[in-house]
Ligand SMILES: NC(=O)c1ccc[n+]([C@@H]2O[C@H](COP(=O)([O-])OP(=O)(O)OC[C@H]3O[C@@H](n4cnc5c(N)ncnc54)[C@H](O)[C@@H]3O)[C@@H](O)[C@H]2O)c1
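Shown here is one chain on its own, the form predicted on its own, set out as structure tokens.
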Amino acid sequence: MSLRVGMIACGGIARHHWRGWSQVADRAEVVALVDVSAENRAWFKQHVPKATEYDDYNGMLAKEKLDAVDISLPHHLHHPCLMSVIKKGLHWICEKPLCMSLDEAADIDQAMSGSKLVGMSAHNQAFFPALLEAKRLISEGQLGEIYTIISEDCFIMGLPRPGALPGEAPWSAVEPGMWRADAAKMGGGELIDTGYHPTYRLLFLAGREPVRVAAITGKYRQKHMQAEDTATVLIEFDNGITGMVRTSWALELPAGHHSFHVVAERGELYGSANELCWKPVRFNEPAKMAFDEVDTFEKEIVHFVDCVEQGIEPLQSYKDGIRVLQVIRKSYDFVDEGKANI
């Protein structure tokens, strides 16, 4: 029986999700669209012309017979939406961050407790082929004891697109007046947005509970933002592994750095989305593994449908989303309380 799915928010990131839903059209059908923008809904109507349109998710939840929803709302709307969806007894996948505060996370955890609902955090970069292979090698013990893990995601927000004509205005997600420039709607700054990616990648590879964090944030290029455009976070895990997250909308990934880098007893493992390098101790040159490029948004949606059908926990469940949020909120606490002062 095909799953009946409602799309809650139909903007840019939801259109990436659509590529996944189109791959499981024989198993799941998008039957309802929610967005305050008729233009955003119109984009989806090209692909699902029979879907019913709503400008409010409460109206959809009241009228539609659904099995699951896909949530791509701005950050500050995640918590109330999730609470309504869980109360309705629907499976869900939600874009990062799961929510904005630890109190909101506790509400969601309590609402999900004892239910058989699948709640998946849409952590698409966890489906990087190189990251999955790194996780396999670590889990099998092939690297020996893990010492430290670095995870990074840095780029300059608002640069002209490659090949742009002279004078063509660049697009930015943090232009004045946009919700991402508003700290109250974001729940912070860059760290709780793009910084979510390197944080969940690090926690995924470590596979342990974080117990202590320290952080420094800065605002260098995106001056109109109310919060940081750059952050560095140090993390200690319960087994002694140390980790570092570097994330920014103000600078590119430093030369020679990688999306993730694991230093262990038997050597180093580092790479990006589709390339993984393994450099054993005392070897000068690494062995390189190349993987076919995959659409990670497609992979996460297909995985979500698999989990709903089979009643299994996702690769990145809502509990993983809570762990990431704990690291980020405690990082903000560290900065706000001035503990970094010398």
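Position 1 is the first residue in the sequence shown; the rest follow in order. For clarity, every value in this text was computed on a predicted model and none was experimentally measured.
What follows is about the form predicted in complex with the named molecule, which we do not show.
Colleague: Counting only non-hydrogen atoms and a 4.5 Å threshold, tell me whether V36, N40 and S72 all contact the named molecule in the predicted complex.
Modeller: Yes.
Colleague: Heavy atoms within 4.5 Å of the named molecule in the predicted complex: does E95 have any?
Modeller: Yes - in the predicted complex, heavy atoms of E95 and the named molecule come within 4.5 Å of each other.
Colleague: Contact with the named molecule in the predicted complex for I241, defined as at least one heavy atom pair within 4.5 Å: yes or no?
Modeller: Outside the cut-off, so no.
Colleague: Since only the chain is shown here, I'm wondering whether D182 would be in contact with the named molecule in the predicted complex (any heavy atom pair within 4.5 Å).
Modeller: So D182 does not count as contacting the named molecule.
Colleague: Examine D55 and determine whether its closest non-hydrogen atom to the named molecule in the predicted complex is within 4.5 angstroms.
Modeller: So D55 counts as contacting the named molecule.
Colleague: Heavy atoms within 4.5 Å of the named molecule in the predicted complex: which stretch in 109-117, 215-223, 75-83, 262-270 meets that?
Modeller: Of the options, only 75-83 has residues within 4.5 Å of the partner.
Colleague: So which bits of 286-300 sit within 4.5 Å of the named molecule in the predicted complex, heavy atoms only?
Modeller: Residue within 4.5 Å: F297 only.
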